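Read the single chain below, which is given as structure tokens and is the form predicted on its own.
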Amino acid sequence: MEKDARPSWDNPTQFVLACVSYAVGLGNVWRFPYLCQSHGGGGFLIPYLLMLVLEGVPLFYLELAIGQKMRSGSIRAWSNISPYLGGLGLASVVTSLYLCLYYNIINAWSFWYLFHSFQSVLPWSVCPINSNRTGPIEECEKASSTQYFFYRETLNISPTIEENGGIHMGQALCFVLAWLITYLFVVRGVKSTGKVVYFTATFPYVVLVIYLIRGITLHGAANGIKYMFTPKMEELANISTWINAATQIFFSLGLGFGSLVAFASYNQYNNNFERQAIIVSFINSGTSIFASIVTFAIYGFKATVNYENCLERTRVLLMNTFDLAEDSISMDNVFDWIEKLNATHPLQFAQIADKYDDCNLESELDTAVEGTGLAFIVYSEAIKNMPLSQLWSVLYFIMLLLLGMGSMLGNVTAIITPLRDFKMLSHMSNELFNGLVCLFCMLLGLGFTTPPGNYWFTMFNDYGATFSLLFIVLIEVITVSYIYGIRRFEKDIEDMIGHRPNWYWKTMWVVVSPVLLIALFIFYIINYTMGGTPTYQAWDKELGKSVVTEYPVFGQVFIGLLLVSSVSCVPLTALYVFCRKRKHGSRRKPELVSMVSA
């Protein structure tokens, strides 16, 4: 293969920014803060950073080495190592395809919220009036204005996954817009992507810094930041804390999708990817921690506002019930008055006991929310209470868009690059081929804009990638360390960067990372098989909240297909290669191709 025949990044900075733009995504903003909140605040940083060193950086390094040496996408790269391993690259493509189908719907929601931010009153800050104009719509009154806007106005969600409906036209247009911009980002392959990443990789940090400055000046922000950095060390004894730290590192870096292999394949042959692997990995984790500080400042503000509103409602209730003077009760002495009135007027107090809320700031801070609930409901609720709320809303949803679009660059590249390596597709122009891939994903993804679309989104998000990525990366590291051979891999790296990897890298690849991945893989299987019937959160408009609901039979079958479809590419491809060789009368065992010779 000609080393210079392949397009390449204009400079190493473009490659680093592409990796940062891909790796630093929505999970850094809406998943990591949730894990910190759920697993002991600052104490979670201990297993998280440990897993970064033991698992994240070594596997990131390994995928970059494979891509840069082979200078091809995931399918050809693993096929060149062994014909039997072509299915490993195919499994990565299938997994990335699943991700592409549903990931852009998040960007569509961000567009929807962004467009609605240019109003004098944010539409999720108040409940709409009912048709009789006698009060708020009942569903909104039972839930909240932010929940109503997300579930009813944005999603127009159905009660269950079984109830179908037409496409939400507003969402569909936002979805098409998201795919149109994605296409423009990748239209000329690495040449256009290399220009875009200067913006998608850097501007979110500008917004985060602005939000940090604004966040720490908000009333009650200190409560949230203090909560984050107060470690609950007992959580370190919880096995799920370590498992969640490992899986967060694994998915946050984007391992196993084939995106890193694809990006690295456009590097110059002697590019120092070792240094870049370390830089990108720590930028990614540093961003998670930085975003968490911003998020917990917002959490503190929201929790403090809710807590003080609760105290105010209790204060008004006590004054009205016991006919007290206006200035007799303040928010500072509400609890003293509750204790006093309960002791002096027990019967009268008992009558209102079920009418006042138990106001507790710690409980407000303990309420953990992740995913779309954090990004589109909790943040929206906090933003509506800020001065100049429209400005902060626009900035926030632009940031979400850039994080999502940056990740989409890697997701689409993971599909395009391996397919372009096939001779029958290599003659098509970039504009046509990339457009066809984007159009295909967009048409299949329109189903996520229907009323039950959010339930299908949840299904793909929960089951479309986790199992297959663990399997893919486990096979990758075992192949390199034990089948291809760590010594040959060392020589390949030396051929590229001028020196062999030190003892740390080799220990991680040969022992530590495989053991961790096997443990995660086993835990996932046990957790899935012992967890009973898979469930999802269905929106009940009568109650104004989500309720746990079991997937119907067709949903469970589809989950099984999601779990098996990508993983089965590995054994099926190996079986195909074996049968083809037998058919052609070749009894010679296929050799592993040295990446140096490749």
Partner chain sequence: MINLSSEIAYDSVWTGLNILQSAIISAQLRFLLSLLLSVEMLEKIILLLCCSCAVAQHLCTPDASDGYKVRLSIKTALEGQAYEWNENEMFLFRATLAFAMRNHIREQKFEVSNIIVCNETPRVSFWFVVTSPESTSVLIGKEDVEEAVRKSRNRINSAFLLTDKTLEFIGILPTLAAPVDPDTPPWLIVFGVVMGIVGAGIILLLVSSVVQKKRKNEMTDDEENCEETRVKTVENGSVGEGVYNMSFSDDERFTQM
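Throughout, rigid core stands for the largest set of C-alpha atoms superposing within 1.5 Å between the two forms. Numbering follows the first chain given and starts at 1. As the structure is a computational prediction, the values presented were derived from the model and not from experiment.
In what follows, reference is made to the form predicted together with its partner chain, a form of this protein that is not presented.
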{"property": "Candidate stretches 117 to 125, 504 to 512, 253 to 261, 94 to 102 - the one whose heavy atoms come within 4.5 Å of its partner chain in the predicted bound form", "result": "117 to 125"}
{"property": "Contacting member of Gly135, Gly498, Gly166, Gly286, with respect to its partner chain in the predicted bound form [4.5 Å, heavy atom]", "result": "Gly135"}
{"property": "Contact assignment for its partner chain in the predicted bound form, among Ile483, Ile210, Leu236, Val187, heavy atom within 4.5 Å", "result": "Val187"}
{"property": "Proximity of Leu341 to its partner chain in the predicted bound form, heavy atoms at 4.5 Å", "result": "no"}
{"property": "Contact flag, Ile526 vs its partner chain in the predicted bound form, heavy atom cut 4.5 Å", "result": "no"}
{"property": "Residue contact check: Pro231 to its partner chain in the predicted bound form, 4.5 Å heavy atom", "result": "no"}
{"property": "Exercise: Glu274 in contact with its partner chain in the predicted bound form, heavy atom 4.5 Å", "result": "no"}
{"property": "Asn360, Leu543 and Phe558 each touching its partner chain in the predicted bound form (heavy atom, 4.5 Å)", "result": "no"}
{"property": "Stretch 301 to 327 - residues with a heavy atom within 4.5 Å of its partner chain in the predicted bound form", "result": "Met319, Asn320, Asp323, Leu324, Ala325, Glu326, Asp327"}
{"property": "Core superposition between the shown form and the other one, C-alpha change of Thr230 at least 2 Å", "result": "no"}
{"property": "Large Cα shift (2 Å or above) at Trp337 between the shown form and the other one, core-fitted", "result": "yes"}
{"property": "Did Gln348 shift 2 Å or more between the shown form and the other one, C-alpha, core superposed", "result": "yes"}
